[in-house]
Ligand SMILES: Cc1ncc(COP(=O)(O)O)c(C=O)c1O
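In the block that follows, a single chain appears as structure tokens, in the form predicted alone.
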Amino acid sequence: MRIKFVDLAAQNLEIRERVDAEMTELHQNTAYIGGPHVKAFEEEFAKFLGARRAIGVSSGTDALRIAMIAAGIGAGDEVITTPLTFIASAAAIFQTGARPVFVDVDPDTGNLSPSKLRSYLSEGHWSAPNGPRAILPVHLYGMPAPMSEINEIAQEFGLKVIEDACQAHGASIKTGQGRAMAGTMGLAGCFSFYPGKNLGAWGDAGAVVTNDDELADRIALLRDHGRLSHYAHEEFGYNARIDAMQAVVLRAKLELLGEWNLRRRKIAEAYRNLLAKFDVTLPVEPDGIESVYHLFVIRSDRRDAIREELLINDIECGIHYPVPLHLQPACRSLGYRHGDFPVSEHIADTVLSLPMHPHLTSRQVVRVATAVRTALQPNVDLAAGAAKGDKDSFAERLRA
């Protein structure tokens, strides 16, 4: 039987009863734009993250773009981000009129490197007239970026920090004041609710969270045509509202998100134990960091052989991301070349994403690990007691 990379159908079964009832009520009231479900989701999501405000928008890309515009980012500005992420991170910067500028990533985590960030800022060679105005760290694969160091650098150089938390719903970092959620440690945090995310809608949706009421009010204005009242508009805004139907789905899933994230972490631990003795680089979780494993990404110079073995065994997998942003055709005008960011390029050439979702069974996880191990050591006897021991210990941990 096929092992799915993401199993949205299994998620839907868990929320079906609540969603069916609330969709019936929604259709009776026909409150499709705005309304009580949107307001309730915004309040519940802000509470889940420990943030003052959450503003629902139509996608993660709109969350990034509108948050930056509301923060005053625009033409002539630079926004520094990572080349190892989805195109939306750079596209949103470009769409504000600003210029995306890349710095390389940490070789262990794949997240923005504070040392490379500081080096770029210290050199002072800007490619846009106003120079850097903001930093856009990405919490890659659900692993929070080193926000304490990034915020310290931002304060030193007078920059705003807007977090791309589109893959990190519920991830956290230990701070001097306790644990802080990804997306709540900068001026604003941006989330995507694309269906495959840890918290996914039944279509496109997103949100911006912030503790700044003035910024939140501006974001709310911009997402809805700059509207003051039905036919009065403060400024030219966007049609970037979250649908009430998506809010219904997200409210139901939000109730289960903590449980689902915990199961992802247990599955990640099992993958680590099953693959620990084999020649693959496994995800690193630095001290104080708690990932929610949106993706479980291994690295290997034999990536293609592993991928082929997985596919032969009817196991879905992915590559996140095969081409760093600085080498994308869309970024050609930025003037970067092959070799400019060697760490990102090496990671892109070696990464492979294994199945990761909260409905994976212990048997399926062992099957995935067995395929990886077969590709790396074709002659290993996986039917022997060691493999059985792996299965048994994993099953016990998952029941704990």
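All residue numbers are counted from 1 along the displayed sequence. Predicted model only: the values in this text are computed from it and were never measured.
Although it is not shown, the form predicted together with the named molecule is what the next lines describe.
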task: Counting only non-hydrogen atoms, choose the one of 336-344, 38-46, 55-63, 360-368 that falls within 4.5 Å of the named molecule in the predicted bound form.
output: 55-63
query: For residue 109, is any heavy atom within 4.5 Å of the named molecule in the predicted bound form, or not?
result: no
message: Although the partner isn't part of this model, could you tell me whether residue 210 comes within 4.5 Å of the named molecule in the predicted bound form, counting any heavy atom of the residue?
response: no
query: For residue 321, is any heavy atom within 4.5 Å of the named molecule in the predicted bound form, or not?
result: yes
message: Contact with the named molecule in the predicted bound form for residue 247, defined as at least one heavy atom pair within 4.5 Å: yes or no?
response: no
field: Residue (of 267, 242, 166, 182) lying close to the named molecule in the predicted bound form, criterion heavy atoms within 4.5 Å
entry: 166
message: Give me the residue from 218, 326, 197, 253 that has a heavy atom within 4.5 Å of the named molecule in the predicted bound form.
response: 197
field: Members of 124-144 lying within 4.5 angstroms of the named molecule, judged by heavy atom, in the predicted bound form
entry: 138
